[in-house]
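Below sits a lone chain in structure tokens, taken as the form predicted alone.
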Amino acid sequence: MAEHELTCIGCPLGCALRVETDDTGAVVRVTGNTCKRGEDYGRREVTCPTRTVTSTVRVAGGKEPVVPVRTRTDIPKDRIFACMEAVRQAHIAAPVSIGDVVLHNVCGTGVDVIASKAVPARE
């Protein structure tokens, strides 16, 4: 049996979690959490960690040279570097609206990268 010690990010309390797994990697027990979100976070983090990715993408013809972007939902943690490389190579033409899809299905994750700010076109 293995033990994993984590700090929960499910709420502002930051509980110290201990997640116990069996020999197959399945979660047996989560302790230290003060709410259900902590248990859910501990289980997910040990079995299939995910993250939201934020960055910027170049804007052609915009009042600003870049637009902040983020993944619509979490992506698998092991796909972050591939996602960042795709974002680095991306560009979008102005005008850009909040929620515009900048990259569809980034790196085969099924998750879109979207604009998180509006960037108007140069006048």
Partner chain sequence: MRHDIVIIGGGPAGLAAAISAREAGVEDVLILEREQELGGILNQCIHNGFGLHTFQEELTGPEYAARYIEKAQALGIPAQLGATVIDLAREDGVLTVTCVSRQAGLQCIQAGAVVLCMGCRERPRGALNIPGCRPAGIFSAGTAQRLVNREGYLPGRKVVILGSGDIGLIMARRMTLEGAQVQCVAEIQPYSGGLKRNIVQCLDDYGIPLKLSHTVVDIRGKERVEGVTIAAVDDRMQPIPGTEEDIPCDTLLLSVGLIPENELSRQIGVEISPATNGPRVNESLETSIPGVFACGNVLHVHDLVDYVSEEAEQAGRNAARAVLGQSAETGREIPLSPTGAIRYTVPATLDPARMQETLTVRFRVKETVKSGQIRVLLDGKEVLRRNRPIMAPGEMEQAVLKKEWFTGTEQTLEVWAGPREGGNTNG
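Only the largest set of C-alpha atoms that superpose within 1.5 Å between the two forms is called the rigid core. Bear in mind that the values here come from a model prediction, so they are computed numbers and not experimental data. Numbering follows the first chain given and starts at 1.
Beyond what is shown, the protein has a form predicted together with its partner chain; the following relates to that form.
Within this chain, R43 is remote from the site of its partner chain in the model of the complex, having no heavy atom within 4.5 Å. A residue is said to contact a partner when one of its heavy atoms sits within 4.5 Å of a partner heavy atom; R29 fails this definition for its partner chain in the model of the complex, lying far away. In the model of the complex, V101 stays away from its partner chain, with no heavy atom inside 4.5 Å. Residue contact with its partner chain in the model of the complex: G25 places no heavy atom within 4.5 Å of it. Residues of 65 to 97 placing a heavy atom within 4.5 Å of its partner chain in the model of the complex, in sequence order: P65, V66, P68, R70, K77, I80, F81, M84, R88. With the core held fixed, the Cα of G108 is displaced between the shown form and the other one by less than 2 Å.
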